[in-house]
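Shown here is one chain on its own, the form predicted on its own, set out as structure tokens.
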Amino acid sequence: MKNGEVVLKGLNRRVFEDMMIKSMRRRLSVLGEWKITLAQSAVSAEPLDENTDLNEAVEICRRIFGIVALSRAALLPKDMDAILENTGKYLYDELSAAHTFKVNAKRSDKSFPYASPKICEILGERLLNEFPDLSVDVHDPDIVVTVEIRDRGAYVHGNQIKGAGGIPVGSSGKAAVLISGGIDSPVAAWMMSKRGLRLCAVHFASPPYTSERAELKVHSLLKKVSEYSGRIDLFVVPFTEIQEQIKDNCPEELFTIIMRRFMMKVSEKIARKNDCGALITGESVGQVASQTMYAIACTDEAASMPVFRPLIGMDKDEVITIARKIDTFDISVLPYEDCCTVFTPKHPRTRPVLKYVLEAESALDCEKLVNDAAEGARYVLIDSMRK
């Protein structure tokens, strides 16, 4: 495994590496016991059971933030005859399917008697004899056969598999994401987790206006995100009373912005109780009436902690591309609506003025409504490792 951006962390680098390895140990534990070692800027994971499902291990590792690339490799003795004898056998399927190849050698252990160019020359000749349909292409080969001479032995592997990148979860602290059943908020959660944030999530439910299926949809979305982020603490907030109070006491055109402000206040209360340092939303400028610059300014005033909006400058197609990549899109488009669609005004105010929003809110007992909603939140543990 190559740990990419982590190598740039200077004196703090080992802290990031330890977090990544801890995540690997936990995630791979579902497949059995592993020996995980860090040496020369690379992490190796070796199963202690020869029957371990390595294909599943690759799928798990490519979703661990901090890993930029990974490969399935054979660990061979540091002996040129062993390398020549076993490389073609180990990579038989890949080499048989390829038309072109090249050999890449990295000799970290300088005591090995062959220099990197000589390893490439000798192994390349052997592979051409074993696979006569192959030809050499050093610029754009179908497969790159890599031999890495390291302290523990010679690692032989084919093409690298792209990892999730980013930095290890937990290395940047913890934040609370406001999660709906839509396309945007799961993508926002994934993007901030990629930047090292451990997640908790806040979902607003408004029975009987929203159904149990709407909440289960959110569970499914977060479970997909947790394949990358690890476990997520979800808090399901009862929001019916707040929405009904707004409907009965506030101007209709301000309903959406006041509702969003209550969401921020309740989420902040839950976030602080759970040691979060920021909130995360899936807002994008101009996407809907509550996401104009003016509306976002009114929403921000309701929270005193930082609010991260990783999608703020993205268009819908860009967000959908990521949603498909992390496998949340098909769940997001299921027809179970969340509380944001309840009591939607016909003509929402797109340029709300904070002064008038605060005047409208003064008709409500905001502190009590926020406290009751936060205290009434129901906890659900979301973890892709749990059935």
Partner chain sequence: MECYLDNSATTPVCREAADAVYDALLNNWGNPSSLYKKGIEAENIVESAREAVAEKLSCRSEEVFFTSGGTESNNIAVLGTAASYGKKGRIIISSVEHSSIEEPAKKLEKAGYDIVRLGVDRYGMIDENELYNAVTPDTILISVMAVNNEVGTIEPIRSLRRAAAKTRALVHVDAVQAFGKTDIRPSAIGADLMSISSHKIHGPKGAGALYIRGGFKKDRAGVRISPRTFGGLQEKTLRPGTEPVPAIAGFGAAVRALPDTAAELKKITLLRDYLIDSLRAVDGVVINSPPDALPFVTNISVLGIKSEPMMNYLSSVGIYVSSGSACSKGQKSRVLRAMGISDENISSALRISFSRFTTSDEIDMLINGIIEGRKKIRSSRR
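Residue numbers count along the first chain shown, from 1. All figures in this text were calculated on a predicted structure; none of them were measured in a lab.
Below, we refer to the form predicted in complex with its partner chain, which is not included among the displayed structures.
State yes only if every one of F262, G376 and Y379 has a non-hydrogen atom within 4.5 Å of its partner chain in the predicted bound form; otherwise state no. Per the other structure, none of F262, G376 and Y379 touch its partner chain.
Given the stretches 309 to 317, 106 to 114, 132 to 140, 205 to 213, which is the single one in contact with its partner chain in the predicted bound form, using a heavy atom cutoff of 4.5 Å? Residues of 205 to 213 come within 4.5 Å of the partner.
If you check K247, H99, R152, R272 against its partner chain in the predicted bound form, which one has a heavy atom within 4.5 Å? Selected option: K247.
Contact residue in the predicted bound form, chosen from S362, S29, T37, T344 - any heavy atom within 4.5 Å of its partner chain: Here the answer is residue option T344.
With the partner left out here, check for me: in the predicted bound form, does some heavy atom of E125 sit within 4.5 Å of its partner chain? The answer is no: E125 has no heavy atom within 4.5 Å of its partner chain.
Flag E252 as yes or no: does it have a non-hydrogen atom within 4.5 angstroms of any non-hydrogen atom of its partner chain in the predicted bound form? Contact with its partner chain, yes.
Although its partner chain is absent from this view, report whether Y336 comes within 4.5 Å of it in the predicted bound form, heavy atoms only. The answer is yes: Y336 has a heavy atom within 4.5 Å of its partner chain.
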